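A single chain comes next, written as structure tokens; it is the form predicted on its own.
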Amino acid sequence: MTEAVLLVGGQGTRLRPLTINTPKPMLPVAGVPFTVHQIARAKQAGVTRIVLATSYRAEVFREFLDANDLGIEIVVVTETEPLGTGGAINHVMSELASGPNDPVLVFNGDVLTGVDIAGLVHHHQQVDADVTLYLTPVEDPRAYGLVPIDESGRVTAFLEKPQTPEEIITDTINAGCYVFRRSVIDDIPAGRVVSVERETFPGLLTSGALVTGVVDRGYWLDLGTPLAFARGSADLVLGHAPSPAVPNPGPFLALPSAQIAPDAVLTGGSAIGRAAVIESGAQVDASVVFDGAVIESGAQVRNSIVGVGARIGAGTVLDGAVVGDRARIGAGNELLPGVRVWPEAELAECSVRFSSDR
């Protein structure tokens, strides 16, 4: 296996209001853009060439790749308008060097996974499949489309999100990583929106093509929401999610030029960005503090995200909160699970509290 397609998509509206300027795949996760973790995993599995497909701010990707040698050939292809997953895969077809029967790895740009990539490709080649899907079991599959397989591993159906208990006939879902026979990519309709989930894969089943599924019960996380993003970052720092881009897992990660007071407490895989300041007595647990942010004395930040250049006032508590870039949270506030503070917003001292008045 030598070639892969990485679908990095667009801005990622589900991550708002964290940032309004940065494409989601380029947001730092455990110190580096999330895309870098995926590229590093693909390289580790033997991929030597990646076609990166995007429909949003391609110049950001190109500038990063020009400035950083990731040790692998990467080609950036941009859609003039979004084409869906299938349309995006077909759109990069001219950049693929693979032969008609060669395997092409395709993976989504918002999923963090520990799947054995090389093993997935090996299975695909061993059974001579047209497409092989990486499947993962989830505790509550109602938010996902279901993908049942038979005893041989052959996919038998692609089912929309189940609405009743009777419709939940399996707990395995499409986990966002595939191996295509190159000729299948060639057959995806060009120049229009195509969904592999709703059109390409069901069409292959109808035509009698061999679509197989490999169930992996290891690490899997969709990073589409801010708090899932924070969890994924913490899992990478702690080593729960594998990535060659995090060579030394530990209780926290502090990037160069971060200033951390000696009595500050950092735990749970927290990631502290460049030039960020963690003042005396502050506690940061399982959280992401982006570049230039300030956590003032005695503040507590748990399971939260603090955007670039934001400031969290003394004694303030964040728990399950998302604070956007350059926002200002005054001292003595309590922001509890679900709260979102938009970039550059300002919250005065003691404006929001859930516990009794002091």
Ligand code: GDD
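Under this definition, the rigid core comprises the largest set of C-alpha atoms superposing within 1.5 Å between the forms. Nothing here was measured: the structure is a model prediction, and the numbers come from that model. Each residue number is its position in the shown sequence, starting from 1.
Unshown form predicted in complex with this ligand; subsequent notes refer to it.
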**Item:** Candidate stretches 272 to 280, 119 to 127, 205 to 213, 137 to 145, one within 4.5 Å of this ligand in the predicted bound form by heavy atom
**Value:** 137 to 145
**Message:** Is it the case in the predicted bound form that 84, 110 and 173 each bring at least one heavy atom within 4.5 Å of this ligand?
**Reply:** yes
**Partner-contacting position among 187, 79, 167, 95 - heavy atom within 4.5 Å of this ligand in the predicted bound form** = 79
**Message:** Considering non-hydrogen atoms and a 4.5 Å limit, does this ligand approach residue 150 in the predicted bound form?
**Reply:** no
**Request:** May I ask you to state whether residue 217 is within 4.5 Å of this ligand in the predicted bound form, using heavy atom distances?
**Result:** no
**Asked** Is there a heavy atom of residue 300 no more than 4.5 Å from a heavy atom of this ligand in the predicted bound form?
**Response** no
**Message:** Whether residue 229 contacts this ligand in the predicted bound form should be assessed with a 4.5 Å heavy atom distance threshold; does it?
**Reply:** no
**Item:** Stretch 295 to 317 - residues with a heavy atom within 4.5 Å of this ligand in the predicted bound form
**Value:** none
**Message:** If the two forms are fitted on the core, does residue 137 show a Cα displacement reaching 2 angstroms between this form and the one not shown?
**Reply:** no
